[in-house]
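Same chain, two versions here, written out as structure tokens and called structure 1 and structure 2.
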Structure 1
Amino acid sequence: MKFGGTSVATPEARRQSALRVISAKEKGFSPVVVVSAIGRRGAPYATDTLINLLKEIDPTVEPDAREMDMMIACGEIFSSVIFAHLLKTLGQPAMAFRGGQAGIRTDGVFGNARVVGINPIALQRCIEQRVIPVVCGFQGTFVPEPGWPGGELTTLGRGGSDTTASALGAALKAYAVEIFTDVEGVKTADPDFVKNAPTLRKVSYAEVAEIAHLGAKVLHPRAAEIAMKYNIPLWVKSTFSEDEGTEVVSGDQVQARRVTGVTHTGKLVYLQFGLQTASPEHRKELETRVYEMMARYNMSLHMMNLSPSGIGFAVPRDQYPIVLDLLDGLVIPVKNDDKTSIYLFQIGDKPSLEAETQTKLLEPLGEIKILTIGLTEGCTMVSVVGYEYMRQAGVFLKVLRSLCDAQVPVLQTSDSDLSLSVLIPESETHKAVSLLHEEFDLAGAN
């Protein structure tokens, strides 16, 4: 049973979560609890608050990933100790475990470690003695070499606590893994945008992974993947309601050719590289260098587009300052036979001070070809996710027609076997999500 941030945020929420654990025990199960850090952004022990404690020392010095992991793991340690003690006060013996103590071994990538193995012996002993283990989500231990004392504390990156729950469920051969959150399960759309968006009773592992990939934050795909691999029943439920929730199942157990939901991402910035002025023989090199740079700086790219006139992609708003730093005024010399051409990238139609300075400095070297990067800020990607649906004729038409009729500008489209996405102005997100939800008749989905 995994309880997310909001399920352990307040004394009342923790009590409700604890009562669910006790109820499971009373029904004859042996619950193993996984907890996230207490509360979301801004809460005293939330992950972001802990990160800020380090960053505010000197914002110009980036903390080491190892120390950062030790810091942010404290959130889950607080949470597990408090939850275990709460269970004790309610008459249930319980014991808190760090990830490493629970036997979770990871690789050595601080901040985004992968679980490589779990030895659940300590948890099994606990269960045998009718003690409820309360395990810190999101963390494990990396042992650099055999005999390394204590190992190094690592965190599992995005969706880490869901992953902890799923992996422990598999290692313990659990009857089921239940992910408790503040919504009733996997919804057909964000309930903030579509009131009364129904809860899906069954979704496939692939659907839930795609929904998460395209912006919904209900269950992390890593957790779904582990549950799928080990055939562990996985549920998403609300701590605060008696709704039965959503069961995540294999693809053959869900209705084929259906639309599962409409998702939306956070704020994106769309960049379009006009490469028309580049020599055709230099295009490939310029494109490659741009993508190599995005890879080197770990940019998360959306809506990637290649066309004869140039390339384009969207980046999350919070990564845009890095992209701006990298690309505005970027100089790429391309050598062809004995001649070197100099290309200078400029964001927007007017050169920034940086681009202007670069141009002046480089002028003595010969002609400088300016490549303009068109910028569209404040975009969102809205997606229709469907299982064996996107191959049907007319799906694109249906999406574009309904948005066009409602005068929602579509900047670009993208699709895959499981989804169809449109890039639109962020201000139109609410309208687009509601429209598509209605267009695909999702109010009656289950």
Structure 2
Amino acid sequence: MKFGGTSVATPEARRQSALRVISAKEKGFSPVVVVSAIGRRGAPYATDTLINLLKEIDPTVEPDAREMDMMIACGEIFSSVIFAHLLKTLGQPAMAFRGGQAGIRTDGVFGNARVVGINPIALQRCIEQRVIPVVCGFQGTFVPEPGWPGGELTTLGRGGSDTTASALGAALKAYAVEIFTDVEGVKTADPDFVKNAPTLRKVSYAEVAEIAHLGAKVLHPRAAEIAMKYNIPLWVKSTFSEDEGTEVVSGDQVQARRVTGVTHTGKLVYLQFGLQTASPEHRKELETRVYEMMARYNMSLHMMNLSPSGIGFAVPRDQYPIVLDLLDGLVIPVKNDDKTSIYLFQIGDKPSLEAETQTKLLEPLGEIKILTIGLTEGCTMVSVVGYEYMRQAGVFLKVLRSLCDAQVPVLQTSDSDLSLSVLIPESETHKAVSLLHEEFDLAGAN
């Protein structure tokens, strides 16, 4: 039973969550609890608050990833101890565990670690003794070498408490994993954009992972992927409602439907790389170097596009400053036989001070080929998700025609087996989500 930040944000919310745990125990289950940090941005122990405590010391100095993990993991530690103590005051024996104490081992990537194994001996002992384990979500331990004392604390990335719950469910062979949040389940659209958007009663693991990857915050995609791999029943429910919620199951248990839902990302910046002036034999090298750099710095790429004129992709706006530093003025030498060609990337038609300086410094080496990166700011991605529906003829046309009739500009498109996405101006997000929700008749979905 995993409880998110809003489910543990106040004494009243924590009590309601605790009563759900006690109810499960009274029904004969042996509940294992996973908790997020208390509250959201602005709350004293919320993850964002802890991040800001470090960054406000000197905004020009980026905190070390290892120390940042140690800092933000404190939020879940506070939460687990408080929740365990609350259960004790309600007459239920309970014990708090850090991720490492619960047996969660990770790959050691600070800030975005993946679970590589779980040895839940301590949790199993608690269960045998009828003690309720309360585990810190979002964290684990990396042991660099056998015999190292304690190991390094690592975090699993934003939303990682869902991943903790699914991974523990798999390790403990749980009857089910229940994710408790402040919404009644997986909706056909964001209720802030579509009032009274219905709750889906059943969705497939693949669908909910796709919805999460495309912007919905209701469940972390890794949680769905782990549950799918181990075939664990997964539920998304509200802490504050008696609604039955959404059951996440395998694809063969989901009735065929036209479209599951409409989702959208946050704020994006779209970059279009013009490679027309590059020598054809250098294209592959240039593209590979750009993508390698994005991967090295963990940039999230959306709407990737490959065409005869170049490549393109969108990045979250909060990552754009890093992308700007990496790409504007980037020099890539490409050797071909005995000759070396020098390419310089610049963002926009007018060179920045950095790009101009690089060009002047490189002039003695010979011809510099300038590759321009077109920039479109203020974008968002709206996606239509459907299980085995995107393959049908006419879906793409229906989406584009609907948006065109409503005068919503489409800047770029992409698709997969489960979704079709369009890049549009951010100002048109509300209109586009509402329009597509209506176009695919999702008001009556269940």
Partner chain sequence: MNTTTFAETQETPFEKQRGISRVEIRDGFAQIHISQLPDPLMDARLEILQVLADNNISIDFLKLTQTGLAFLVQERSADQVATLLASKVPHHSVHRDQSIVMVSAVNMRDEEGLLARVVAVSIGCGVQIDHLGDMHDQLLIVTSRDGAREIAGAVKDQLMEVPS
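A quick note: this is a predicted structure, and the numbers were derived from the prediction, not measured. Between two forms, the rigid core is defined as the largest C-alpha subset superposing within 1.5 Å. Counting starts at 1 and follows the sequence of structure 1.
A.B. asks: Which number belongs to the form predicted on its own, 1 or 2?
C.D. replies: Answer to the question: structure 2 is the form predicted on its own, whereas structure 1 comes from elsewhere.
A.B. asks: Once you overlay the rigid core, does the Cα of Tyr175 travel 2 Å or further between structures 1 and 2?
C.D. replies: Moves: no, less than 2 Å.
A.B. asks: Would you say whether Arg296 is displaced between structures 1 and 2, judging by a C-alpha shift of 2 Å or more on the superposed rigid core?
C.D. replies: After core superposition, the displacement of the Arg296 C-alpha between structures 1 and 2 reaches the 2 Å mark, so yes.
A.B. asks: Given a superposition on the rigid core, I'd like a yes or no on whether Lys360 shifts its C-alpha by 2 Å or more between structures 1 and 2.
C.D. replies: Yes; Lys360 is a residue whose C-alpha shifts (by 2 Å or more) between structures 1 and 2 when the cores are overlaid.
A.B. asks: Mind pulling the C-alpha shift for Pro280 between structures 1 and 2, with the rigid core superposed, in Å?
C.D. replies: Residue shift at the C-alpha: 5.6 Å.
A.B. asks: After superposition on the rigid core, what is the displacement of the C-alpha atom of Gly374 between structures 1 and 2, in Å?
C.D. replies: A shift of 3.2 Å at the C-alpha.
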